[in-house]
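Read the single chain below, which is given as C-alpha cells and is the form predicted on its own.
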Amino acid sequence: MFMSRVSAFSRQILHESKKSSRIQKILDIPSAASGKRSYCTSSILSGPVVIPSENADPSMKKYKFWNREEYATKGKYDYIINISPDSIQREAKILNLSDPDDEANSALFESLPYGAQILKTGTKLVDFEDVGVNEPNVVFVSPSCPKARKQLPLLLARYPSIEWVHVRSAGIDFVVSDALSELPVFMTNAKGQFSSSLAEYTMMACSYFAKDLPRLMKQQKSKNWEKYDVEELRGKTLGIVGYGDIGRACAKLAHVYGMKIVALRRNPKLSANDPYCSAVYGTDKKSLNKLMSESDYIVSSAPSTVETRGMINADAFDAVKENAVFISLGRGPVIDEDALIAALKNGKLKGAAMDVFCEEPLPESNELWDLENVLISPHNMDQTSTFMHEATEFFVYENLPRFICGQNLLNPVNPKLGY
C-alpha cells in the first residue's frame, strides 16, 4: 500500500538503501536520535534558521520567506516524509480555527502528511472544549474565523502546549492584538502566495493611466476614431512604499518594463544591493516625502501596523510629483483617505487605483466612487479561483512537513510588529 504511493524514483532509493539512515544521508536530513522522537520540544522557538534563495536580495545571504515563483507546490520535506516515515521527528496535532464550511481548507482533510492530524475545527474556544489541555501543538487560523482576533489568544491561553500558529493569509492584522503580542508563540503566514497577481495588477494600473484607458473606452462606446498621445512606462519611476514580497514582485515586473525603482522599507540595508532598485529609503517622514516627490507611480504595499496607519498623509501628498498616479494594494488604513481624495480633486495626483480601503466594503457615500480619475476594485486583485486553496496547500505541503521533520519554518512573522 505504501509502495503504491511512491514514485519510481522513490522506489529506486528505497531499493538501494535498506536502512532509513541511508535515505537520510542521501537527502541531507538529520537522523532521529537513537530511534526516539521528540513530540513536545521545538528548535523553532529560539528563532528560525533562514533559508537560502538564489532570488533573494543579494545583500541577504539567506532568505527565510517562501515565494510561489521559486518553490515547487510540494516541498522537499513532504517528499521526505512520504518515502521515509522514520524521518518524522514529532507529530503535529492541529486545532483548525476556521469556519468548518471553508472550502479553501479542503487540503487539511484530504492531504495531510504522515504524522499530522486535525484534532478539531471551530471558530470559538467552546468548540474545542473536548480537546485535552496538553494535546495540541499547532493552530491553523483562517480569515473565515469571524472573531479570530479575540479567539486566538483564548485558545493559546487554554492550550499551553501550542508551539506554532500559522495564519492562512499574508496580512495578520485580523489576528493581531495586545493579548496575542504578550504570548510566546511562534507564528508564520502565507507571505509570497499573493504577490505575483498583485504585481500584475500594479502594471495594469500603471498602463490604465499611461494609455488613458478611460478615454479609449469612451471613444469606443461612441464609435469615435480620434487619435491621441499616450505615455510610455519605460523611463518612468515607480516608488514602492513597503518593500516586502509584494513590493519586490512589483519591482521585478516594473524592471522588465524599463522603469526605475525607488523603495521604502523599515530596514533599507536589507535591500542595499537589490538589482531592481536605484535607491532604498527608510520609513521616516523625510524619506517618504522624498519618494513621493521622485515617483511617477507610487505603490502602497505596506502592512497595517501601529507604525504605518495613516503614514501616507496630507504632508506626503503635498510632496507628490506632478501628475503622479497612486496605487493602493497593501492595507487601506496605511493611507489617509481624506488627504488622498483632496489630492485627487485638486490635481496633485493624476489618478489612483485602489484595491484596498480604510472601510470595506467601501460605503456608497465615499467620494472615491464618484471621482473619474479613480479605478476601484473590491479588494480582489489577488483573488484567483484557487488562491486560498493554494495558501492552505503551502501549510500542508511545505511548512507542516518541515515542522514534523523538526526543521525550521518559512515565513516567520512578528505579532508585535504586525508583519
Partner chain sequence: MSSNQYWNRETSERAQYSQDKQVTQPANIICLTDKNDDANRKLYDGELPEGAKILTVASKFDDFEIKELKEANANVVFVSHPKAREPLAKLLEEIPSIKWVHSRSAGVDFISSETLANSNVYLTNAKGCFSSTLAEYTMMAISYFAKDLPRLLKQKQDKNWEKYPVEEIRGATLGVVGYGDIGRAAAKLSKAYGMKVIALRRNPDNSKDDPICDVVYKNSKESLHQLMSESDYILCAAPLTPETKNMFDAAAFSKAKPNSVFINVGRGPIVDEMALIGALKNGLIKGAALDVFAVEPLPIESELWDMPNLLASPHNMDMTKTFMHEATQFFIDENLPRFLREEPLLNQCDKAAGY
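Numbering follows the first chain given and starts at 1. Since this is a predicted model, take the numbers as computed values, not measurements.
Beyond the structure shown, there is the form predicted together with the partner chain, which is absent from this document and is the topic of what follows.
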Worksheet item: in the predicted complex, which of the listed residues (Ser196, Gln151, Ser144, Asn289) lies with a heavy atom within 4.5 Å of the partner chain?
Response: Ser196
Practice prompt. Verify the flagged residues Phe174, Lys191 and Val306 against the partner chain in the predicted complex: is each one within 4.5 Å by a non-hydrogen atom?
Written response: no
Worksheet item: Does the partner chain get within 4.5 angstroms of any non-hydrogen atom of Lys252 in the predicted complex?
Response: yes
Worksheet entry | Glu232, heavy atom within 4.5 angstroms of the partner chain in the predicted complex | yes
Worksheet item: Heavy atoms within 4.5 Å of the partner chain in the predicted complex: does Asn346 have any?
Response: no
Fill in: Exercise: His379 in contact with the partner chain in the predicted complex, heavy atom 4.5 Å
yes
Item to complete: Go through 119-127, 177-185, 240-248, 202-210 and give me the stretch that gets within 4.5 Å of the partner chain in the predicted complex, heavy atoms only.
Response: 202-210
Discussion item. For the stretch 356-392, I need every residue with any heavy atom inside 4.5 Å of the partner chain in the predicted complex, listed N to C.
Written reply: Phe357, Glu360, Pro361, Leu362, Glu364, Leu368, Trp369, Asp370, Leu371, Glu372, Val374, Leu375, Ile376, Ser377, Pro378, His379, Asn380, Met381, Gln383, Thr384, Ser385
